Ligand code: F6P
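Okay, so here's just one chain, in structure tokens, the form predicted alone.
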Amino acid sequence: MAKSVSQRVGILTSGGDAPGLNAAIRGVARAAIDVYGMTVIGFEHGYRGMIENRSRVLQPSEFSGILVQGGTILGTSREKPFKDKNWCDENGDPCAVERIKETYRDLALDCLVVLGGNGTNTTGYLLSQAGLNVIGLPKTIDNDIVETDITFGFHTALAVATDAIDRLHSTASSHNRVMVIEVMGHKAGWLGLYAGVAGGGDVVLLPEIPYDIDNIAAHLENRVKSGKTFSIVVVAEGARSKAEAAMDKKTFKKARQQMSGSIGYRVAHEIEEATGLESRVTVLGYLQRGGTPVAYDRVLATQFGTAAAKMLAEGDYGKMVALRDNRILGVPLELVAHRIKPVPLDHRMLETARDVGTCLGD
């Protein structure tokens, strides 16, 4: 066995599930156990499992066959221990963070590995500030975690969204319709942008570029005039109009709460009103999260997992594993916490989309 600073480590998955989580768990645990002789303790259902001390020592047999499985064998939740006060009571029982620290101490952990997105890694950073050793892994289909070029889960969701767009081309062309497909991406439009380019979307609407319905209508009408009988419109769930972009946060939130249906339905209605073109909506929703991870996500998640095991062995704590310029490295969690990675307005993929005739709504 190779020498290791860490002997007992915990691992959890938190936030929304994403393809590649099981591959990452397998990468961390197999390397930690087989190469460095560590004991790996898995927590069920994310940070809630630490709060309630729902854990088990993971055995090598548990990792057999999980590389190709979607979801997570550990389960997940969206617990926010630094915000959630439900774990305090009038009897003086400790709150969520204190319970996590107690569990960490009671199990004699040397480090906690957290697999998740922005919220998960932000919580990981806050726990490191509270005295725990933490290593993070970047998981999200939205690809919106800073300090890493890519997150595992993104490519599988991209493949699902692209396949859906491909299939909608058949119905759109058969019925001479505008087909609106709504994809995930609340604050960042990476998924919508890449799927739109890969699937040949005629209009792609992203949170980063507020749209003008008149510009969209003109683009679709020009397609009709040029003899193109159908159009595909890809809408990220966080897309917003120029009028909404001018609102303050409170007003915008209220406006969205009053909106009938999701943004895809609103855009379809706006298109019909502006152009008279028949429009139909498909909302992919959780289909984008599920299923077998594509090969890229399996490889990337495994690389991240084994890199995390090496960091555990070296005692290189307080970092998130990242991919930068085709190199796997650790970046300080403090650079990741409380931040989102939107699509830069000068990003090459936006230029690519425009160059092939895609309307971005502006």
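Don't overthink the numbering: it's just position in the shown sequence, from 1. What you are looking at is a predicted structure, and each value in this text was computed from that prediction instead of being measured.
A second form of this protein, the form predicted in complex with the ligand, is not displayed here; the remarks below concern that form.
Of the listed positions (266, 99, 289, 223), a single one reaches within 4.5 angstroms of the ligand by any non-hydrogen atom in the model of the complex, namely 289.
Checked against the ligand in the model of the complex, the residues 186, 228, 167, 242 give one hit for a heavy atom within 4.5 Å, which is 186. Contact annotation: residue 147 falls outside 4.5 Å of the ligand in the model of the complex, judged by heavy atom distances. Taking the partner from elsewhere, residue 237 is found to have a heavy atom lying within 4.5 Å of the ligand in the model of the complex. Of the heavy atoms in residue 178, none are within 4.5 Å of the ligand in the model of the complex. The shortest heavy atom separation between residue 182 and the ligand in the model of the complex exceeds 4.5 Å. Stretch-level contact analysis of 134 to 142, 80 to 88, 248 to 256, 228 to 236 against the ligand in the model of the complex, using heavy atoms and a 4.5 Å limit, identifies 134 to 142. For the partner-free chain shown, nothing in 247 to 269 comes within 4.5 angstroms of the ligand in the model of the complex, judged by any non-hydrogen atom.
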